[in-house]
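Only one chain is included here, represented as structure tokens and corresponding to the form predicted on its own.
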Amino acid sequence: MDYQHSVIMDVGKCKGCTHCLNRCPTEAIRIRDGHAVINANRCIDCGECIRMCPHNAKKASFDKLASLPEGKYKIALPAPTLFGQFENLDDPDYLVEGLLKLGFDDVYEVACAAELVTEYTRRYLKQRGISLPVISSACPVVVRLVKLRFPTLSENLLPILPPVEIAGMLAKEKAKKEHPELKDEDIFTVFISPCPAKVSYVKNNLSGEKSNVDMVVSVSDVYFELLGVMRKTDLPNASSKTGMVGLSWASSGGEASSLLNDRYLAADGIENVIRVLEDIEIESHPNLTFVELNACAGGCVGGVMTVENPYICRVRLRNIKRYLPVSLNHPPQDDPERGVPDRYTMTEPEEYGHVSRYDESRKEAIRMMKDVNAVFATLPELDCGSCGSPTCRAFAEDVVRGTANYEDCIAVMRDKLREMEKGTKQ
């Protein structure tokens, strides 16, 4: 099955500039026929092209809140980031009640599941024989990036389902326990996401099985709806079930710092993420136990489907956390193995081929590599992007693959014109 992406492009708005070309972390974008073209096999739905496009030609694809189905028991799954979008929100209960006023039958905070994942991660890190450092699998962009560009690090990925998946699972179980008359098909879970990568996660069942999330809407979409129903005239019911640990997951470092382990590293921003993965691949940090990586600057608060400035959002979340207990969600203490339950672990997800692979045949790949090196040796190494490829090296690969013409390089054409001019004068 083809990978379903959540980052889409409006060709009519694209001007063929090189902003997205130069920022794409996997070199998935080319400029062809005056507009950008996205290679679906390389795209990781990080949203950098959305963030950088000055013409709004790239956008995130997600479900609309208005399309909620009738006749279903609807459960909202708000991401921790949503709580930091609102000014003067000092009590998460107001937001939970606001979601109920929008028509949801129940609310299950993803932050609650994040607190469970934190405890299970502690248990996992105590196991013997695991590949260190363990890389968090909470960010779908990082997981896909590892599979595409750093496949040797796949075994380092934390094999625990991300909080959103566990939240969907537990929300449905809670609904059936409280309402025995409900069947599985009667319950509809809606994740309120800060980024397009989590939309792709649900669409492609990256947990290895059918996702427990039925629909994904954006934080920005829900934000404007909540503004009309959230009021501070009455005290809300005590309905929020999250603590400091769960809300901390919205910001970079929140997941790692909750593990009570000093041997961790937390990095955010796709360029920093790639740099850290390169270091791990060459074992530059042998003493690390856990690595938390977030593709968006600042963590999930920096997602392109949010409203508020990520740094303001972080401050607001910190203010909310001051009044919360450390954690309200813990695994059962009667677990004899004290390990990670099978239902919270990932089944083997889809494997991806390395994006740098030239061909399945080693002989053909070696031949192509030699041809690429030969073409690259004749290029100016300016990485100007005028040819429609992000770098001269990428352009050489495109030429060998037959997706670009050698004369597309303006430096090559300039030299040819000079040679022609000399010949004419002689």
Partner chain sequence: MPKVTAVNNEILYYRFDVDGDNFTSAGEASVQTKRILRRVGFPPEAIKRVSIAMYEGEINMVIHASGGVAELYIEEDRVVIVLTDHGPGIENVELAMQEGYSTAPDNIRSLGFGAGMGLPNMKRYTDGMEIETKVGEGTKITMTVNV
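The model shown is predicted, which means the values in this text are computed figures rather than measured ones. Positions refer to the first chain, counted from 1. In this text, the rigid core denotes the largest set of C-alpha atoms whose superposition between the two forms falls within 1.5 Å.
The same protein has a further form, the form predicted together with its partner chain, not shown here; the description that follows concerns it.
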| query | finding |
| --- | --- |
| Stretch from 186-194, 279-287, 94-102, 308-316 whose residues place a heavy atom within 4.5 Å of its partner chain in the model of the complex | 279-287 |
| Contact assignment for its partner chain in the model of the complex, among Ser61, Asn39, Ser386, Thr378, heavy atom within 4.5 Å | Thr378 |
| Contact residue in the model of the complex, chosen from Arg393, Arg32, His55, Arg51 - any heavy atom within 4.5 Å of its partner chain | Arg393 |
| Touches its partner chain in the model of the complex: Ala374 (any heavy atom, 4.5 Å) | yes |
| Distance check, Ala66 to its partner chain in the model of the complex, heavy atom within 4.5 Å | no |
| Close approach of Thr347 to its partner chain in the model of the complex, 4.5 Å, heavy atom | no |
| Close approach of Glu397 to its partner chain in the model of the complex, 4.5 Å, heavy atom | yes |
| Within 4.5 Å of its partner chain in the model of the complex: residues from 119-158 (heavy atom criterion) | Thr152 |
| Thr378 C-alpha relocation of at least 2 Å between the shown form and the other one, rigid core basis | yes |
| Core superposition between the shown form and the other one, C-alpha change of Ala66 at least 2 Å | no |
| After fitting the core, Val37 CA displacement of 2 Å or more between the shown form and the other one | no |
